[in-house]
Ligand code: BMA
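Next up: just one chain, as structure tokens, the form predicted alone.
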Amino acid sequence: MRALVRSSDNPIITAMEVPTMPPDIDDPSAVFNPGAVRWGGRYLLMLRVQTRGRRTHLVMAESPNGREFTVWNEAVHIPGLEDFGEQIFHVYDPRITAIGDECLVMFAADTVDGCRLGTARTRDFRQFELVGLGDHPDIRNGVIFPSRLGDRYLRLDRPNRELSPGEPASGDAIVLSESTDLVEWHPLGVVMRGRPRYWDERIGAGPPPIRTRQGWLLVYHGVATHFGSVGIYQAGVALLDLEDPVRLLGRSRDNVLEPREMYELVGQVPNVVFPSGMIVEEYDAEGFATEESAVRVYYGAADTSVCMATGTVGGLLAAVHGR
């Protein structure tokens, strides 16, 4: 039994559905890699919209049912980014975490010195407050846990480094970090590393992990690079200890979603399934995701469109354990 099944409506959002927002967005080239949250009775996606000039904007979309989305006609504005000490070229790949009465958005920000991870907070997705940009020189795929451990925020991230001469910096390790203020982050240890010669040679966290009674359930992406001509982006699952998330309890041997459909195989970047948003429908009275709960995983397909796959918490846990 497959842990995730593609929606028959895929792709659920394409560039054609993004309204014109002059002067910045007009006939965009692509929309992909959304953050996701259920907030205020709605399903919300924060989209990465790319223009013909290869400029990136964040734009919200909403849905009453998690399947049919309407894209807002205004781009996200995070005040303060323009005052940062160095030029920010692109803000992209947001991940959304709901904590208490607010949502935290962690995003990638490209600078001359590499990619930084920034954090903004919001309660309505109309107004945002910039919390800050981390000082790590090159890091990506940051996701904040949906609850704190004492007074500490926890996140998973992926430091970049040069893995192959002449190729862009990437990463093959997911790291657990902590912070008390969401600005200064301190690494606690490596959670897991890429597996050479298999489907997840290079890895990075996908959506924020979800709390289950078995542990923190993480959907992550893996890249197979050993084919030489092109990397293949896929999705897998892992389980982390609830009290000590640097401790890996299990990890799927195989991917749970890989590029097979034409909209995943052909596009700006071929052969890409990139999970970045996940919504769990049901939690028990103590805040644990129930194994029977439906799960919606939102992903970027070929860096061109937004797609969705569905499953259950129990099905993803079974994939961790190889069942």
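Counting begins at 1, following the sequence as shown. Everything quoted here is computed from the prediction, not taken from an experiment.
This next part talks about the form predicted together with this ligand, which is not shown.
With the partner left out here, this ligand still marks one of 286 to 294, 23 to 31, 59 to 67, 271 to 279 in the predicted complex; by a 4.5 Å heavy atom cut-off that stretch is 271 to 279.
With the partner omitted from this view, the residue of W72, Y92, F125, Y153 that lies near this ligand in the predicted complex is Y92 [heavy atom within 4.5 Å]. Note on contacts: among H136, R140, R202, R251, the single residue with a heavy atom within 4.5 Å of this ligand in the predicted complex is R140.
Highlighted residues R48, Y233 and D303: every one comes within 4.5 Å of this ligand in the predicted complex, counting any heavy atom.
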